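The chain below stands alone and is given as structure tokens, in the form predicted alone.
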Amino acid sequence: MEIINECRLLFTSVTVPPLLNGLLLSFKLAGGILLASLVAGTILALLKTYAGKIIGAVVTAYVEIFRNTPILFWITVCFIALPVGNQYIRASAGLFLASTATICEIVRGGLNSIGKGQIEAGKSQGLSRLQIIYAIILPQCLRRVVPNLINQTISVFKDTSFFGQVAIMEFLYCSRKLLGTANKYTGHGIGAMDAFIIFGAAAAVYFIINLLLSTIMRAIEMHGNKGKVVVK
């Protein structure tokens, strides 16, 4: 009963709206970053696959740098160093760069899984290289990498929690802020139970959202596998 009473004191009409606003901001930031990095990552994957060795090497260097360094490092660097944009754009730029590198590799894997015979077939029909990529290669590639893209969606949503380190009021930041002022609502000092309740609730929210995304991924995979004929 004590923990229930503590929850009632902590989660009220005063404290819940800021948490919901923080969660909404996390969704908005994650959505914008994912859309932008999907476009940029796809372009980089196409360049790495089809644009020749020099451009491919440059893209490879970019991917290796951003995949093998901490995301929080780039968020902090972009937040401090970018001369343009508001605080949300500057912070998002770091996660965008990292997500673009990951999506580039995801899409490149999909491109490599498509047989070269399809390119030759397109050429035999008089299609240009750009038309072949747009009409034949990309649609198949993107269907094949949907599960990995949804995994990346989950990762980006979770990684928005890093924005709190540069004072962006995303969901986890708002949860920490609530803990810091918990004594105003409970009437006693901040204790371990308050931390357990607040961060436990935050973890539950992240878990439920990511579980829903994982369920969508499995549903898409099952739908995509329907109708496939296994040739023995």
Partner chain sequence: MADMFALWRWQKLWEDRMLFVKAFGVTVELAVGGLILALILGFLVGILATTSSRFVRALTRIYVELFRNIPLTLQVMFFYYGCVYGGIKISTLTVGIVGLGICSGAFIAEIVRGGLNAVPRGQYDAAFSQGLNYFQTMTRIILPQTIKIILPPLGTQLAWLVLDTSVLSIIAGGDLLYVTKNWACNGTLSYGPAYLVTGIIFFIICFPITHTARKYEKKMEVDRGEVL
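No experiment lies behind these values; they were computed from the predicted model shown. Residue numbers count along the first chain shown, from 1.
The protein also exists as the form predicted in complex with the partner chain; that form is not presented, and the subsequent description refers to it.
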Original post:
Pick from 73-81, 128-136, 86-94, 115-123: which stretch has non-hydrogen atoms within 4.5 Å of the partner chain in the model of the complex?
Top reply: 73-81
Original post:
in the model of the complex, which of the listed residues (Leu29, Val59, Ile168, Ala202) lies with a heavy atom within 4.5 Å of the partner chain?
Top reply: Ala202
Original post:
Does at least one non-hydrogen atom of Arg67 fall within 4.5 angstroms of the partner chain in the model of the complex?
Top reply: yes
Original post:
Wondering, does Asn210 line up within 4.5 Å of the partner chain in the model of the complex on heavy atoms?
Top reply: yes
**OP:** Classify Gly52 as contacting or not contacting the partner chain in the model of the complex by the rule of any non-hydrogen atom within 4.5 angstroms, answering yes or no.
**Re:** no
Subject >> Ser161: touches the partner chain in the model of the complex, heavy atom cutoff 4.5 angstroms >> reply: yes
**OP:** Run the contact test on Leu172, Gly191 and Ala195 with a 4.5 Å heavy atom cut-off to the partner chain in the model of the complex and return yes or no.
**Re:** yes
